[in-house]
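A single chain, nothing else alongside it, follows as structure tokens in the form predicted alone.
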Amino acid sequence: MKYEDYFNPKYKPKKSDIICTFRLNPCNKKSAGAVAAESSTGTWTTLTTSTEKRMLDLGAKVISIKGNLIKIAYSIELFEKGNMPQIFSSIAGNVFNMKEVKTLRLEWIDWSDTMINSFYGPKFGVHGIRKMLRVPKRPLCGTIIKPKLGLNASEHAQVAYRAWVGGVDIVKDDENLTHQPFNHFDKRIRETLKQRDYAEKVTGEKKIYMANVTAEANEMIKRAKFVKSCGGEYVMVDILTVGWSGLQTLRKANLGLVIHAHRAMHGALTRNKQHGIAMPPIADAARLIGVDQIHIGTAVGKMDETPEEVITLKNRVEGKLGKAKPVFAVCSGGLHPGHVSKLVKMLGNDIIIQCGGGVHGHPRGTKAGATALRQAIDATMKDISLKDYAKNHLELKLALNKWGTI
């Protein structure tokens, strides 16, 4: 069979098909067909082990070519339901290294209900998290302990306490803090959750600690169970470095913990606009597997993304995707209180605003930095400019003096 044989614009996709949109260069019937063939039934030579009819019937089909964008329809029969590693091995596997293809980017996936229903999906999602924190409307706010590496368990817990009593809802481990010689996992969890309890008594508010359980799958489950045994309600995991298999293992353990998805390493896949995998398919996979919140970028912080990309991803993670609950969008990366109004105007109230250095770098320390962040959110909810609100709120004033507003 020739690659061109996989080009079939007359094909009408079935409801159970999965439709993938790729950005392809060079883009023609042969190169598009090569992608469809390699990701389904094709091979580089004629075979004696199958018939051409069977290969065409089951093979993926290029149903449209518009500019550099192609759409390929995949029969549900090509996949194992509930197996995200196998799905991505098919649609985003060898195709990226074919000679027929110079650059290729998976931009979008339209999932069928049949495939969606084969996954667990989020246990809590936006509404479950808001109910847990007893915050029905305003954006949630959090911080990441800084420096990301170097503090011991006791120092980590004390910094968390100061952030909570200052006003943040959430304290999170950074993506590469797990179980190091200077900060053992078990001790950090016990001491930080103890400080969480103290902070709740002082403030009368619900407080959350996101412990990073990223590790080999069996160890990850062990750590998640330990968090739960200590009274924790959340875990965070680096979804790309543990892989879809590890993430599915964590979700299938069904521990009753909120799963926070950090996307460390995504830039290796997403940053080249012509090659790799865009963030929406990655977010889809994480959502179907069952994360409850996921980083979407900021467009105003230190990371490289446009407002359009962030807004598209925000709409995707909370929009309709079969029965999957909406996922809480997390904005993190170089943020400070001066960014809050712009973020909320751009993305709405259903976001979690995380400031690391933008809290701990406050001139008066972590507690004041957390208070400034909360004041910025209060001002935005009251539709008062940050500069005007800062006139009567010293912590916010000092933060704006240091970092400014946008």
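Not measured: the values here are computed from a predicted model. Heads up: residue numbers just count along the shown sequence, starting at 1.
Not on display, but discussed next: the form predicted in complex with a small molecule.
Against the small molecule in the predicted bound form, the set 338, 375 and 381 makes no contact: no member has a heavy atom within 4.5 Å. Of the candidate stretches 171-179, 92-100, 284-292, 115-123, only 171-179 has residues with heavy atoms within 4.5 Å of the small molecule in the predicted bound form.
A heavy atom within 4.5 Å of the small molecule in the predicted bound form is found for exactly one of 127, 206, 81, 146: 146.
Exactly one listed residue, out of 302, 131, 323, 201, brings a non-hydrogen atom to within 4.5 Å of the small molecule in the predicted bound form: 302. Contact annotation: residue 334 falls within 4.5 Å of the small molecule in the predicted bound form, judged by heavy atom distances. The small molecule is not shown here, and in the predicted bound form it never comes within 4.5 Å of any heavy atom of residue 188.
Proximity of residue 357 to the small molecule in the predicted bound form: non-hydrogen atoms within 4.5 Å are present.
In the predicted bound form, none of the heavy atoms of residue 71 sits within 4.5 Å of a heavy atom of the small molecule.
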